[in-house]
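We've got the same protein chain twice here, in two forms, each standing alone as structure tokens: structure 1 and structure 2.
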Structure 1
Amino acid sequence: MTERWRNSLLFAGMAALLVAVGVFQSSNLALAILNLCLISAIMTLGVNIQWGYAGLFNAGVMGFTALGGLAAVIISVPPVTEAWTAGGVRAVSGLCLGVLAIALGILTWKKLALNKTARGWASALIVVIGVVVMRWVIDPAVEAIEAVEPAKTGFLGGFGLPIMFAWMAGGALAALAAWAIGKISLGLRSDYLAIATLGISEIIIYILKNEDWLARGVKNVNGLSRPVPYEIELQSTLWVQSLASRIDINLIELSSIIVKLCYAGLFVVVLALIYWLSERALRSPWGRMMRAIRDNEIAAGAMGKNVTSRHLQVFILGSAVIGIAGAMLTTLDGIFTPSTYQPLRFTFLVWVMVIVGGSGNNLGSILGGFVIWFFWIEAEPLGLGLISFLTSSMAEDSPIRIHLLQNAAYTRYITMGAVLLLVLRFSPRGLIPERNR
């Protein structure tokens, strides 16, 4: 069987699974899974750019995803006028002072004509003084902002722009954070890089949870704007009512299906564009150079390639794609909830997608995103049905049966482990392995 036919069969099998969900469960559920599969595929492409192209182990996927979600809040939420009046200018001034202090510390380290120890102490002193001044400026402003109707607002809000601009802003914000993180941690050995990125992503989540003035913290931001119509608007239109009567479907269900199809159309366009750009980059001289650096850094360095600079470049590109996916996910949910960003969902699961799909292959990354997310969602109902069947001969009040049924959700962890083990055993390079070009 040729590679093209094999890949086509794999994607056809994935499509058949989604169709089966629509037939045996509901069309709404199938489309909801499809949308999240598309976002997961984009996120997986971002990780594949870092790992598959350059061999960078980024354990901080969660943090970049959260920054994409933050961008959706900053771009789409209207500004809170009372909060800006209470302390907005002072808060922004405090942040600028903090950035200026860090910049001066870096400049001191690079330009001061002293020995290494003296430069280090001087840079640290400047940064510490800058942070103290920043907190002196920003703390009263934060208290004033968070006191403005905390049940409804208590934060500065955003720019009030269409939320689709947040997808680009999410990529830019994640790229900016990746530049700062890369300047600090790139050049470390792979295990130290993983520890550094994981720690920094936890810091990002900690800030988002506790700085209420920025995005309400754990109080969450609800009711984000949409790039697609609302269900209630569709239900009042004549063409939707007419279509519902012609195909004999509930009007509410039809409006929900139309909304999910609109989201799916937008997500497919973004996925196709990122995939096309990723493939162009992979097949270019730049892509060949990145694979050479990945396979043998010493040899690439000996040929005059700046390995650290190229690692920073690819780290920024991959993080930007992850940030775009994070903004899309928040757009789909309509809510920004910092407490939901957990390493299991937004780091470990994404890495499983890359491994199962096939690292180094963009098409494999897309397939991995679909397969793993599908089984992550469907493992629980399938596990519940299996447990119900296996325990059907037991008494209704059997403690074992009750315990198994109550813990059916944990079958998804067993399923993820089983899928990963099976793929590593029978296709160790992934379902669609990297091509030797």
Structure 2
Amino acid sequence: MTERWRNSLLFAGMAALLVAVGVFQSSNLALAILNLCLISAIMTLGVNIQWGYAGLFNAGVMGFTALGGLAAVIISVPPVTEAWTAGGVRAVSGLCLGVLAIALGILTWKKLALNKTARGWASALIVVIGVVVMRWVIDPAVEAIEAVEPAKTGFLGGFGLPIMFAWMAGGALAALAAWAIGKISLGLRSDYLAIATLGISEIIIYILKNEDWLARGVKNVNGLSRPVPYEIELQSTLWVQSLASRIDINLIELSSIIVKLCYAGLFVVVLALIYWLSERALRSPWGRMMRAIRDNEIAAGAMGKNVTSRHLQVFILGSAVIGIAGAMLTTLDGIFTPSTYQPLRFTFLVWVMVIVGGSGNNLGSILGGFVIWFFWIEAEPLGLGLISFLTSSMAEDSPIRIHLLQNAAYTRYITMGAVLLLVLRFSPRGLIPERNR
């Protein structure tokens, strides 16, 4: 069987699974899964650029995803003018001061003609003073902003632009964070990058949860604008009504399906674009060099390739792709909820997708994103079914049975871990292995 056939078969099988959900459960659910599959596939492509092309372990996927979500808020929400007058300028200038202080600190560390200890203390002093000044500037502003109708706004709002722009902005924001973290931890031992990214992602979530003036924190920002029509609008449109009666389907359900299809269309376009670009990059001299570095860092370094700066490039690119996916996810949800970002779901699950799909192979990554997301969702009813079958001999009201059924949803964590371990052990190259070019 040729590779092309095999891959087509795998994807056809995946499509069949989705269709089966549409037939046996509901087409709405199938489309909902499909949309998240598409987003997962984009995230997986991002991680694959880092891991598959360069062997970098990014344990902070969650953080970059959340930054994408933040971008969706900042770009699409109209500015809260009251909040801006209350303390907008002050808050922004405070932020700028903070950035300036850190930049100055770094400059001092790098450029000042002193010995290492003196430079260290000097730059530490600058940063500390900077932070104190920043706090002094920003704190009253934050208080004022958060006091503006806290139940409805209490934050600065954004630019009020169409939310599609956020997809690019999310990429840019994630790239910026990746640049900073890559500068610090690349070039050191490989697991330092993992730990540093794990850290930055936790902190991004903390900031998003706590800085209410930025994106309302745990109060969430809901009602984000959409790139596609609303269900209500569709329901009052004539062609939708006539279509509903022609194929004999509930109008509300149809409108929801149409919305999901619109999203799916947009996501497919983005996915295809990113896939095409990543494939081009992989085949280019740049991609060949990246893989050469991955396979033998020492030799590549000896040949005069600047390994660290190449790694930085690839790390930024991959993170940007993850940021784009994050913005798309928040767009799809229509609501930005910082408390939903969990490392297991947003970082480590994406890793399972990459490994299962086939590290180093973009097509594999996409397939991995689809398959794992599908089973992540479907493992819940499956786990429940399994547990109720296993415990069917117990009494209906047995406390153990009730307890097990309550926690049945968590079997999917076990399943995912087991899948990852099994694939690594018995088929470490994944569903669609990397091609040897």
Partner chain sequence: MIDILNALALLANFVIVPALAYGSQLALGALGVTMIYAVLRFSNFAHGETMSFGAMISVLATWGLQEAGITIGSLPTALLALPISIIATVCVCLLFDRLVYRYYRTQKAAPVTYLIISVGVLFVLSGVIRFIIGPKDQIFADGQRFILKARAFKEMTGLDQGLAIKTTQGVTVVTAVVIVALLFWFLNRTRTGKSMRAYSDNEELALLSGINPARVVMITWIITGALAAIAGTLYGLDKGYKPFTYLGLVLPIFSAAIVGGVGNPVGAIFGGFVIAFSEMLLTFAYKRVIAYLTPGDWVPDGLMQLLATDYKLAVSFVILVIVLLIKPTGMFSGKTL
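We call the rigid core whatever largest set of C-alpha positions still superposes within 1.5 Å between the two forms. Computed from a prediction, not measured in an experiment: that's the story for all the values here. Each residue is numbered by where it sits in the sequence of structure 1, with counting from 1.
- The form predicted together with the partner chain appears here as structure 2.
- Relative to the superposed core, Ser427 undergoes a Cα shift of 2 Å or more between the two structures.
- Relative to the superposed rigid core, the position of the CA of Asn28 differs between the two structures by less than 2 Å.
- In the core-superposed comparison between the two structures, the C-alpha atom of Ile414 has shifted by at least 2 angstroms.
- The Cα position of Ser393 changes by 5.5 Å between the two structures once both are aligned on the rigid core.
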